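Below, in structure tokens: the form predicted on its own, a single chain.
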């Protein structure tokens, strides 16, 4: 009996060591392609910084297409997109953890890093749109709690803080694993692991505290994530614009965010699977589950989309007529129906077929959904601004239409590069898949695994 137990423990430890080698390998060496990718992202980010400096020094009226009607433009639609994909941490990490769906384990850290990067650059998008960053502190010191903008600031900062803590707490055991296993790294990197691990020893008491803390934070992040999407929707719903005059906006935004979260998770999972050779841990089963989740989220969002547009279109009141006709048969009709087809119908119908839930087909579908999702939010912001309650006579022609300038597009591209850079750099210095969480879920003898350094 004891001999069998010893063989079983030896097998478990061997499996765990193989897993550590596989999941820590991306940290050991950055290849030429990885360096080129990082350099490219840094270059795009710096181009965005330069474009922003030009915008602030030469005035927005000269460098952007923002005018009295469209005073927000793609900066705010990009902010909405970042907030939406920022919900991925809630969906893939928090909800699946609490509901005991075991397949979340290899995905949770990827989701949390994406959420942090998206929320960070979503907040930056607001600062870029508002201008006068030197007055940002006044928003915190003298802001009125009655203002939905203050609600959004509080929600974003609180959600970002909670997501960082939720990422860091389960990362602590992985830091010790990196310190003990990766001996060929620079000394400063090993010292960083040692400092951030806060003397972790892996005792039963420490594991108990860690898991209890994770469970509490997980329960906290869910309402925070949903709240930030809802408050963002209220920023529009509390504004006197025909297209935004809706009590459905909160649920509409949240359902859209969940759909985009599944899409961005599918995209990231495929990229990491190929780039880091993680096919053993990011399996076809995960894509199958993500495909099923995509169908469900597309169905839910489709329901709220019908509620958002069908009833106002049925009544076709003077309040909504111009906006709806513009979307359905007017200048924006091509955009609108493309968004409906590629952003709702495609993710609902195609993943119903098992062959479409394979990695490559689902990856392509996720790209289509993300692009359509960005334009969906563009269509919420821009047409709503172009149809004010009190039109002004004899306005300049530039007020009546909007197309983003090169400066605006460069800044927006920089925010995407920033998110990708955050995710890339994290994966180069920390395990992008949690070794101990995967081991706990997949290997037998899991109580003994925690003792292996």
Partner chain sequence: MKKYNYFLITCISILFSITTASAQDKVAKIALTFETVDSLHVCKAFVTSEGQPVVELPVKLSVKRLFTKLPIGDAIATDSTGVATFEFPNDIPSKDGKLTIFASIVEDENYMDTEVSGEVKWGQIVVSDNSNVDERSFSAGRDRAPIYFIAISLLIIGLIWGTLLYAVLQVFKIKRLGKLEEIKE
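These numbers come from a predicted model, not from an experiment. Numbering follows the first chain given and starts at 1.
The same protein has a further form, the form predicted together with its partner chain, not shown here; the description that follows concerns it.
A.B. asks: Pick from 272-280, 296-304, 136-144, 86-94: which stretch has non-hydrogen atoms within 4.5 Å of its partner chain in the model of the complex?
C.D. replies: Every other range fails; the passing one is 136-144.
A.B. asks: Looking at 165, 352, 367, 329, which has any heavy atom no more than 4.5 Å from its partner chain in the model of the complex?
C.D. replies: Contact check passes for 165.
A.B. asks: If the cut-off is 4.5 angstroms on heavy atoms, which of these, 224, 371, 185, 171, is the one near its partner chain in the model of the complex?
C.D. replies: Of the listed residues, the single hit is 224.
A.B. asks: At the 4.5 Å heavy atom threshold, is residue 212 in contact with its partner chain in the model of the complex?
C.D. replies: Contact check for residue 212: yes, within 4.5 Å of its partner chain in the model of the complex.
A.B. asks: Is residue 340 part of the interface with its partner chain in the model of the complex - any heavy atom within 4.5 Å?
C.D. replies: Contact check for residue 340: no, nothing within 4.5 Å of its partner chain in the model of the complex.
A.B. asks: Mark residue 189 yes when one of its heavy atoms lies within 4.5 Å of a heavy atom of its partner chain in the model of the complex, and no otherwise.
C.D. replies: No.
A.B. asks: Could you tell me if residue 246 has a non-hydrogen atom within 4.5 Å of its partner chain in the model of the complex?
C.D. replies: Outside the cut-off, so no.
A.B. asks: Which of the residues spanning 193-216 lie within 4.5 Å of its partner chain in the model of the complex, based on heavy atoms?
C.D. replies: Contacts from 193-216: 198, 199, 200, 201, 203, 205, 206, 209, 210, 212, 213, 216.
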